[in-house]
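In the form predicted on its own, a lone chain appears below as structure tokens.
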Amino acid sequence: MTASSRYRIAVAGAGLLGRLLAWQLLRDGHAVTLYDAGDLDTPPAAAWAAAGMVAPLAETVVGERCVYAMGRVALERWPQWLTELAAPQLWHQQGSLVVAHPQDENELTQFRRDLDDAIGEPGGYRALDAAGVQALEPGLTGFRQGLFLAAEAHLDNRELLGRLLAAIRELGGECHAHAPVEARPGEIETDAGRRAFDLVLDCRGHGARPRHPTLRGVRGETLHVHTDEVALSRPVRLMHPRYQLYVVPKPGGRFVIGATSIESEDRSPISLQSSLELASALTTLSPAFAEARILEQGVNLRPAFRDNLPHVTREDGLIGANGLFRHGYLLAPAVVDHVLAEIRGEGQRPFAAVLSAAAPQESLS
């Protein structure tokens, strides 16, 4: 494909990747049709359930070094995109804070060592004492040490998904909700029949598993609470021997709480034990959270390949983009840039070696 050509493009899956690609392709002048098996206003996608963190340093500790490199792209791209969406207020770059209770400070020390190893050199963070933690987040209590990762950010993900959908519709995108599809080269099949396109983009996340034998779902559980008694300016991660809790502030006194991923494709509601553990850990950050009101308990499946990295696969008339795992908002910009470069015929694709490294049975044609 060439940059001057205009195509009829179908996007299967209206999660984060699907919406970003549909929006960008409409801006390029293509005719875009967006399909999703669920609702478009409150989508079942992992991007809706996520906390919206853009944390390349913190996530590199539990991932590959390329996660850090792609995450740095995200820190540049998100402010640019949000300005283009006339929604710069959705971007919050006040860094993130990592803490541990006194009895678990060895976990914080190990996190710092892992961080140095992951990025290849010390730096990118500032060690804090008790006064430093209190200066950043007065609402936290009982912490003698912390790490401040100043470059990290978070965004208001649900508002973002709504803004993207509105922009897609304003640009003339054709949107179909509650429309499960089969994505094939140059063709979309729905209950109403088959429809031909010049190009199909398959961004269905876990829904694309029939096409990708090595794709799996990784269970994520979140707790949404509301309180006016606690104020946080940035995401806070709590190091613990059993789990790494994160708390991300949202507008209106809302907080999203989550922990590590669970290797399970169980979509059943969150268990009582998990709920109690999340709530208990939350109150150790600040006792004032004890009076918070539970608004929502969420469960979703994050799509992941064996290497826990995203893959972009291609055959004539079909491009698949999948496998964001737990790094959706962190890795999506690099994946979107890669797919757009492919469609536009641009030669420079910095992460081609990583994104195209699919499993043998899923190799590029």
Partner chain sequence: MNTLNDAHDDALVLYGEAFTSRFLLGTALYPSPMVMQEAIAAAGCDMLTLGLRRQNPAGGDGEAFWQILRESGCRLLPNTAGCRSAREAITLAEMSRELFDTPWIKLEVIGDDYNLQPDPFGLLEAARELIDQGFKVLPYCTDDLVLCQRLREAGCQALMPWGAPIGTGRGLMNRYALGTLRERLDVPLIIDAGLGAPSQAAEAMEMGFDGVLLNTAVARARRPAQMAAAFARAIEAGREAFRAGLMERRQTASPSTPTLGQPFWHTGQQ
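Positions refer to the first chain, counted from 1. All figures in this text were calculated on a predicted structure; none of them were measured in a lab.
One more form of this protein exists, namely the form predicted together with the partner chain; it is left out here, but the text below deals with it.
Proximity to the partner chain in the model of the complex, defined as a heavy atom within 4.5 Å, holds among Pro333, Gly63, Pro43, Gly320 only for Gly63.
When the partner chain is considered in the model of the complex, only one residue from Thr109, Ser274, Thr284, Gln134 comes within 4.5 Å through any heavy atom, namely Ser274. Contact check for Arg8, Glu84 and Arg195: none of the three has a heavy atom within 4.5 Å of the partner chain in the model of the complex.
Within this chain, Arg242 lines the site of the partner chain in the model of the complex, having a heavy atom no more than 4.5 Å away. Remark: His92 does not count among the residues lining the partner chain in the model of the complex, judged by a heavy atom distance of 4.5 Å or less. Using a 4.5 Å cutoff between non-hydrogen atoms, Arg306 counts as a contact of the partner chain in the model of the complex. Although the partner is absent from this view, Ile262 contacts the partner chain in the model of the complex, with a non-hydrogen atom inside 4.5 angstroms.
Shown alone, this chain has one stretch from 169-177, 286-294, 182-190, 109-117 that lies within 4.5 Å of the partner chain in the model of the complex by heavy atoms: 109-117. Residues in 137-164 all lack a heavy atom within 4.5 Å of the partner chain in the model of the complex.
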